[in-house]
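Next comes just one chain, in structure tokens: the form predicted on its own.
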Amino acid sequence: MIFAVAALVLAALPLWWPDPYVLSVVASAGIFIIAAISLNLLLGYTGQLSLGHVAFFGVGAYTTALLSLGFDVALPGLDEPWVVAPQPVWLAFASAIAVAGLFGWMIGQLAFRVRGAYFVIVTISFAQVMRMVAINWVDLTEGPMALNNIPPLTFWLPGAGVVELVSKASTYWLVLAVALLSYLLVAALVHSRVGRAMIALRENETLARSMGIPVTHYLRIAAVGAAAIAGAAGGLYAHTVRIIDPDVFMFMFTITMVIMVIVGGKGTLSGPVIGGLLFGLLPELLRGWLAPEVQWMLYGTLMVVILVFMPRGIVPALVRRRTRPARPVQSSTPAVAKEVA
């Protein structure tokens, strides 16, 4: 019921607050909320911290941009350059999700052979490799000069035909639709047998192995799902901003996702959403009131305060407070009786 009411309120936002700037800010925050939802699948439900998660975001952005624009690139061993004509935007977007998921499977094959700090190092290295490819393969990615004029996604409307989603309201509704779909997919996965296996290995991997749970298999499933959803977020970013450069692989983007997940509450479905709304909208709310240096100080202070008083995150703290049993009122009769005796 809460999910349905929240979805309806968010869907009606352009109707009761049609300010283009507000819709643009919320849509941008929504893209990173989708990315945080994908990271939560790994960090929250399998306990694996991926500090290279932005790589899947960037792969999705570059894949959909290149396919929708078309490209030609010379490859070793080929006499003629490889030419790809511009593809329909939705085909390019779906391909971005598939390619990001494929990279997630590849990283799962390699990285899940190790755990802990070694896994973190592998994921960071992967993100840096992808960033170097985006910078240096100029024939394909245009390097620092960026890929621009990326076509927007389209939608068919009765009587109007194919309409480009370029207005702030249509972009907002598109991001909201993808965010809701991502949320529901992760919720369905978490409440399935696969999700219970992920939670089991998060709590005690050795015990999960002893019970016959194929740990690496379920970690790969989580990696593919998380990478695919992050690729969808990157694809939305490319088609809404309509220009991308190697900065989409910035390490700061991963840190932003991690903050959203941990502050909101890792291992909860709504945690990345709450954390994303808080830390995605707070900088914009403070922009007209405080200097940038003060904003970042307040941003960091708020994060520290939340983690000190709510170490498991906002959502688990609220749930625990709501479900905490009331303390029974102690009767004073025994004390009175003792005094009389």
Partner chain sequence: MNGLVQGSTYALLGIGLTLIFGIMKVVNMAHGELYTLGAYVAYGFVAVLGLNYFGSVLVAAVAGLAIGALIEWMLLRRRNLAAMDEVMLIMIGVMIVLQNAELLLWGGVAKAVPSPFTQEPVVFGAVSVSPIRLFVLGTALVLLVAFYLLIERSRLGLAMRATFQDKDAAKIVGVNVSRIYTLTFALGSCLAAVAGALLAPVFVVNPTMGDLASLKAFAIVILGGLGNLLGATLGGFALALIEEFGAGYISTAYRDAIGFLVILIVMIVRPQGLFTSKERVG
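Note that the coordinates shown come from a computational prediction; the quantities given were computed from them, not determined experimentally. Numbering follows the first chain given and starts at 1.
As for the form predicted together with the partner chain, it is not shown, yet the points below apply to it.
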(request) Considering the partner chain in the predicted complex, find the one stretch among 278-286, 28-36, 60-68, 302-310 with heavy atoms no farther than 4.5 Å from it. (result) 302-310
(message) in the predicted complex, is there a heavy atom of the partner chain that lies within 4.5 Å of any heavy atom of Gly47, even though the partner is absent here?
(response) yes
(request) Tell me, yes or no, whether Ser125 is in contact with the partner chain in the predicted complex, where a contact means a heavy atom of each within 4.5 Å. (result) yes
(message) With the partner left out here, check for me: in the predicted complex, does some heavy atom of Val84 sit within 4.5 Å of the partner chain?
(response) no
(message) Within 4.5 Å, heavy atoms only: does Leu51 come near the partner chain in the predicted complex?
(response) yes
(message) So the partner chain isn't shown here. In the predicted complex, which residue out of Leu184, Val73, Met145, Ile121 has a non-hydrogen atom within 4.5 Å of it?
(response) Ile121
(message) Exactly one residue in Leu78, Met211, Ile243, Val114 has a non-hydrogen atom within 4.5 Å of the partner chain in the predicted complex; which is it?
(response) Val114
(message) Within 4.5 Å of the partner chain in the predicted complex - does that hold for a heavy atom of every one of Asp19, Leu174 and Val178?
(response) no
